[in-house]
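Only one chain comes next, encoded as structure tokens, the form predicted alone.
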């Protein structure tokens, strides 16, 4: 039997693609490091995966999925109004825990819930309310003294106080605002995750939300994913034609051209889609095949939410004394 040997050229060590290896400029760069094309493709895929997963949550057999979308939208609005009227952080903490329990019984994954609410709200809201914890904005009882001087400091026409402290009243107000925003965002997120988008828009339209607002939401939601898909195809086509990694200059040139191409495609598609919709009888009013029917459970849920709102508001008045 003839002995098979590995060709010598397969055993030769290959030099990685870099700037010293010669060849075209598209081969330059550090191998193994992800470029913006890979990162963009991954981000677009993640958005599409999240949307697909959100559709799965709306199809689960949970508590809120079984409630009439009109009743669900109105009761969510009532809870958000109640959250905006609550003043004490302790009451808002209890309300947030109740909202978390509501998400749990509606089969909304707690990990996704925390990731979308409590990794974002404290960061952005905290930055906004950060100045309010200092005695310069919220005078009151000092909790922590950061700076103390025997002389006043003048910055232009401003005169800073001798002492810079974090006050109890400032922390109380900032914490209440963060928790209030967290409760409101949590309620809105649960509503959108447990209701399919076309059904939610129809429900909003039936509870007298302005038609122009519904139309803008409908078109934005529909075409933002079409835009993402088109952008993903452009980036995948670019990556499939690239050997090695492109230089920074070439990447900037590509992203500029891709933005122009995407803008042109979006404009042409918008014209074609609008003409197609008008030719099929579109009048600006959303239509779905789902017929709403209010049952006894929906009325019970509405009465329960009214009682829960009164409980939180009454409890807040007692705690805030």
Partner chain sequence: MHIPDGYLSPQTCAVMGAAMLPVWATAVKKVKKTIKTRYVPLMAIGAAFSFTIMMYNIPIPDGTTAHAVGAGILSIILGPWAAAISISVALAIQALLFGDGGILAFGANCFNMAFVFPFTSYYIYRLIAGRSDITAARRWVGGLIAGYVGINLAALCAAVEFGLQPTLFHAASGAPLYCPYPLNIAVPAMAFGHLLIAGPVEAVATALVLRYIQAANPDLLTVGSTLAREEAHGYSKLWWGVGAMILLSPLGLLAQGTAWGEWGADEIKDMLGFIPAGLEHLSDSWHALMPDYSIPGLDGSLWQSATGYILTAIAGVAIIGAITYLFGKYQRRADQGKEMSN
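Positions refer to the first chain, counted from 1. Predicted, not measured: the structure shown is a model, and the values here were computed from it. Superpose the two forms; the largest set of C-alphas matching within 1.5 Å is the rigid core.
What follows is about the form predicted together with its partner chain, which we do not show.
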*Candidate site 80, 84 and 107: all three near its partner chain in the model of the complex by heavy atom within 4.5 Å*: yes
*Which of 205, 135, 184, 96 has a heavy atom within 4.5 Å of its partner chain in the model of the complex?*
184
*its partner chain: the contacting residue among 74, 224, 112, 146 in the model of the complex [heavy atom, 4.5 Å]*: 224
*asked:* How about residue 56 - does it come within 4.5 Å of its partner chain in the model of the complex, if we only consider non-hydrogen atoms?
replied: no
*Considering only heavy atoms, tell me if residue 220 and its partner chain come within 4.5 Å of each other in the model of the complex.*
yes
_Can you tell me whether residue 118 touches its partner chain? I mean in the model of the complex, with a 4.5 angstroms heavy atom cut-off._
no
*Quick one: is residue 165 in contact with its partner chain in the model of the complex, heavy atoms, 4.5 Å cut-off?*
no
_Do any residues of 119-135 have a non-hydrogen atom within 4.5 angstroms of its partner chain in the model of the complex? If so, which ones, in sequence order?_
125, 128, 129, 130, 131, 132
*Inspect the rigid-core superposition and answer whether the C-alpha of residue 228 shifts by 2 angstroms or more between this form and the one not shown.*
yes
*When the two forms are laid on each other by their rigid core, does residue 107 show a Cα shift of 2 Å or more between this form and the one not shown?*
no
*Rigid core fitted, is the C-alpha displacement of residue 251 between this form and the one not shown 2 Å or more?*
yes
